[in-house]
Each structure stands twice: as structure tokens, then as C-alpha cells.
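Single chain ahead, written as C-alpha cells, the form predicted alone.
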Amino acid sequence: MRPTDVGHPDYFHRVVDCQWACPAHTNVPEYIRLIAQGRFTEAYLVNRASNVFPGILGRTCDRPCEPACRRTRVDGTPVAICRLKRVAADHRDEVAHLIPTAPSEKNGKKVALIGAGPASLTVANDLMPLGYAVTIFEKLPRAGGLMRINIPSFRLPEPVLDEEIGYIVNMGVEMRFGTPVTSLKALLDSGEFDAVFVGSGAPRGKELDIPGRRDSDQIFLGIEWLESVHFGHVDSVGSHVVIIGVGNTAMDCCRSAKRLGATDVKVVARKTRKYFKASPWELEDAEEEGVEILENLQPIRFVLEQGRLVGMEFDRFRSIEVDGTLQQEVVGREIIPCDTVILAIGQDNAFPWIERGIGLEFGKWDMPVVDRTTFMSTRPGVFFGGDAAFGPANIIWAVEHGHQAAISIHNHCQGVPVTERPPRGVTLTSTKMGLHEWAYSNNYDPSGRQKMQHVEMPLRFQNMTTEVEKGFTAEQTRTEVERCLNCDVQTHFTDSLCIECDACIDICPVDCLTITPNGEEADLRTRLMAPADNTDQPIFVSGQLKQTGRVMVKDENVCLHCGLCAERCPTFAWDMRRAVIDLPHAGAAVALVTR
């Protein structure tokens, strides 16, 4: 194998599994270290540089970073990354004066954003400081999109939404509330805007067309029902409620129903729990509140008596796994009594306001054809992001779509090809402070993951606004931050300094280092002290060592970043260097790659 180029931004980025897995690539280890030092404001700003909504996402993110966390390979449980994000948001100082502002002199370009959800707000966040005049068209009276109207206040308090959205809107964004766009053609033909971004979400709930669907006024679509609850149009519900579907929207519906007075709430799933779309913690919270989750049931009809909904009839399945595939067979039928049914089986996009024949192609499922790198449609100057681009996903995906679309919009308005993306960079800085001391906490802490404390059960159901999660205590925060393995502090090897004494190999607690003759990757992986079986993670290969011509090989998958190799090395061949990945946003035309 050729020597590994550790100066390439993606090499060490991949090693920081949490940051690599995050769609917005938030620098997780850095903000956790800042929290450990009590520097909550700095931690919040590190978060905001990439994910834009730390307080919101610290409560609602789907947490793709956590399954990737290297800590799971040590004790099976990831660092509570998302909840630490909330710690920074809850305990920071005022940051309004530290957030980028819009210049008083504009650059002469105008951009229209359709929908005031997280994708559009991120585009505005990135373009306003560059001098763009940004106008957001929103059909509702307030900004936030589905994260305002579909995430209940007991999970996401409105003051948190208002504050973080306000940081963006207060840059001078022109907000046209109560102004739905009814014709994209008319908007484009007006000539008022140099670019248009569509961030209208996936606003239509999926239907369940089975017998009885149109025969009762107590059958609701989940996202529409949550919107009605948010605006106060619905303030009560039946005693026996059935939710169809097991995504996060279903969890918000069932927990909202409990707060509106339902005494018996059941969530019904066609498949087994392994295949549920809801986040595990959402399922746990719902069950803690007395929601019953039923598996292996498929609805076949609504049961009505004298025009009144009294139940639902289901096919009951027996499920087995065969070679990793779920196989189901009908073994009977079952009627579940209920007086209200909420359908939460998914969301669809709806673009009745986008005319055909305006140069904007639609493809599978009647979705716009959108480039996954530039987020531009087939009509130059029209961009999509968030759920409107590729279907429903979490807020953090919408944020990253917004960042990338903003780069493209800036390029388009400045006459630069949208395919030209600002390059990533990496800076490596030694953390050495002495012979055996580093500028980070490198001791392994065996503590388990901290459990979030909740508001007492009776208090939760008094209203819709009491936030259930209390947030980590100071002691919980101190314990949880020490569980982080500081994966961004990398072992850095200089082959010309190595004397092949094997001291690093002897002291490595996980046997991830080997000095061996070079070879092909598949062969090298089998010859390490501990075979490197995870091919999703790279192996490091040095240049030839001057004593024997062999190479130093390291399995990045199991390294704990403890620094013992660097402490033990007598020649300073090993060093612990902090890798800062530069992920430029709109306006960053050049990013230097340094070692």
C-alpha cells in the first residue's frame, strides 16, 4: 500500500466517526471538550457554525452521530452527544452579538425562499452575511415550518424556537407571512429574484384508503392533526385512541393524545419493533407515559356503528426472520375498540403550485429532479432542499441541504458554475504540553451513559407545554463529557523518526499497531496484532522505516486515542495532533489544506 496521506481532509474526518456521520459534520469532540471546561458559549458557537439550531436539535435530532460513536465499541453505549448539545444551548451566555450580521450595503442580488422551515432558514443564515436580499414566503403566521407545528411543545418549547429562528430572521430577512406561493411560474416570470429556493417540506400526510375511511369525522391525518393541536383548533380527543404508524410523528401524536385526555392510547405497527422508524428514545418515552405499542397488525377496515367510529379491524401476522428478511403470514383477525384514529403512516410531497413545462423536470413519485451535490433542479436558478428535495428526513438533513444549496445559489448569482464546490481542508496541531501531558483529557473513564431525568408523570399531562426532559444536571454533564474518547485528537506518525523499538506496540491497550512488511490492503489487514476486520474504517500505513524497510500499520477502527503510544515513544515519532476539519459554507472560495 502507498503511505497514507493524512493531509487529505477526509482521512481524519472519517476517523472522527460522529462528525463524519452527522449530515452537517458538526465538530462534536471539540464542543464536548469546551463543555467540559465550562465554556458553554464557545461550545454553542461551534455547534451553530454547522447545525445552525443547537437548542432545537439538542432536543429533536435523530442523532445519526450516536450509533457511529466510537464509545459503542468500548462499552456498547454512545456518548450522549445530542443531550450535551442541549447543555451548551441551555447554559450559554447571550450570543446575539457574536453571530454574523448582514452588511448594510447589499450586493444587488435577490433570493426568494419558499417555506420558512429549517432548510430555507439555513440558506438565509448563510446568504444574509454575504449581502443578499433574502425574502421568505411562508403560508403560516410564524417561521419554523414543521419543526414548529409538528413537534409538540413538550418536546420543543416555543421560546427555544423563537430565539434561534430570530437570530436568522433578525439579520434583516424579509418575511412574507400568510403568503403561500401559488404559482412558481408567476414568481419566476416576475423577474424580481435572481434565484429561488424551494424548502416547502413534505406537507401532506399519507392516506389509508380502506373501507370506512370517509364515514367518520374522528379519523385524522397525523401531521394535520398536530398542526390543529398547535394552533388550538383541537383541544380534546376521544378516550380510546389508535395511532396507525410507528414513526416519530406517530410518537408525537400518541403523546399529544395523552395530554388531551385520552385514557387508552395504542400505536399499531405492521412490522416488528426492529423495523420501526421511530427513534428508540421516542418509543421509550411513549411507553413510559402509558402508550401501548402493538406489532404485526395491518388495518383492513374502520368499524362504525350507526355512523359512529367504534373500532378498527386488523389482519394479525406471524413474523419470522429468514436470512435477515422479515417474512409475515396472516394468522387471524382482530378488532381494537377506539373512538378516534390518527393516521401517521408517512408524508408526501405536494407541488400543485409548480407548473409543468417551465423547464423543471419531475421524476419518480412525482418528485422534482434535483442534483444531490448542487441541489439545483433542471431549471437553472431554481434549487430545492429539505423534505422538498428528496422526501421526509430529519431537521439536521434539511440544515445540510441548506448549506449546500446556499453555496450553489451564491455561485449561480456570481456567475460561477454551481458544480464548483469550495474544497475542504484540515489543520493538524500538536496537543503536546510536556513529556507526558496533553491538552486534552486522555484517561479512559468507565462511567456509563447518563440517564435523562424527566418531569414527574402527573405534571406532564397538565398542559401541552411542560417540557418533559429536564436536561442534564451539572454532575451528569461532568460525567458524560469524560466518556468522549476525543476522536479528533489523532495519532500522528513520522516514519523518519521511528527506530522500530516496538515500545508503542507493547503499550497499546487495544493492539491496533503493527510493524510489518508492506503488502496489499486485504493482506495487511490480516497481519495486524488484532486483525482489522472493519473495512468501513481505514488503516494507516506509513512510509518505509529506515531500519528494516517495514511499515507501521494502524487499525483506525479500534484506536482509543489515549496517547499512550506517543507518551511511550522515545523519539517523538508518535504525536497526538488535533485535526480541525474545515467545512466551508457559502462565500468560502478557497480553503487551504495544511499539515
Partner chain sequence: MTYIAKPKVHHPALQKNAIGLVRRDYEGSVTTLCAGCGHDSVTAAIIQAFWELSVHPHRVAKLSGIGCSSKTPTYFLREAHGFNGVHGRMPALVTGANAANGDLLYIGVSGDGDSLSIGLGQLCHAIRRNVNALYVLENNGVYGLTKGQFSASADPGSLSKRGEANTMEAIDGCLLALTMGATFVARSFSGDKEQLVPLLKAGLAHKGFAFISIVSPCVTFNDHEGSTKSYAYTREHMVEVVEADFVMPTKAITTQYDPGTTRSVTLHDGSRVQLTKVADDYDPTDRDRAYGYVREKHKAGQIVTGLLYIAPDSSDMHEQANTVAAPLHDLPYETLCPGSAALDKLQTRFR
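Residue numbers count along the first chain shown, from 1. In this text the structure is predicted, and so the values were computed from the model without any measurement.
One more form of this protein, predicted in complex with the partner chain, exists but is not displayed; see below.
Asker: With the cut-off set at 4.5 Å between non-hydrogen atoms, does Asn442 touch the partner chain in the predicted complex?
Answerer: Flag for Asn442 set to yes.
Asker: Is there a heavy atom of Ile395 no more than 4.5 Å from a heavy atom of the partner chain in the predicted complex?
Answerer: Answer no; every heavy atom of Ile395 is more than 4.5 Å from the partner chain in the predicted complex.
Asker: Just checking whether Pro570 would be counted as a contact of the partner chain in the predicted complex - the rule being heavy atoms within 4.5 angstroms.
Answerer: Yes - in the predicted complex, heavy atoms of Pro570 and the partner chain come within 4.5 Å of each other.
Asker: Test of understanding: in the predicted complex, would Val74 fall inside 4.5 Å of the partner chain by heavy atoms?
Answerer: Yes, Val74 is a contact residue.
Asker: Note which of Pro211, Pro509, Pro180, Gly391 lies within 4.5 Å of the partner chain in the predicted complex, where distance is taken over heavy atoms; exactly one does.
Answerer: Residue within 4.5 Å of the partner: Pro509.
Asker: If the cut-off is 4.5 angstroms on heavy atoms, which of these, Lys106, Arg204, His436, Arg308, is the one near the partner chain in the predicted complex?
Answerer: Comparing distances to the partner chain in the predicted complex, the residue within 4.5 Å is His436.
Asker: Among 24 to 32, 66 to 74, 51 to 59, 37 to 45, which stretch sits within 4.5 Å of the partner chain in the predicted complex, heavy atoms only?
Answerer: Careful reading of the contacts points to 66 to 74.
Asker: Out of 509 to 547, which residues reach within 4.5 Å of the partner chain in the predicted complex, heavy atoms considered?
Answerer: The stretch 509 to 547, when checked against the partner chain in the predicted complex, contributes Pro509, Val510, Asp511, Met529, Ala530, Pro531, Gln547 at the 4.5 Å heavy-atom cut-off.
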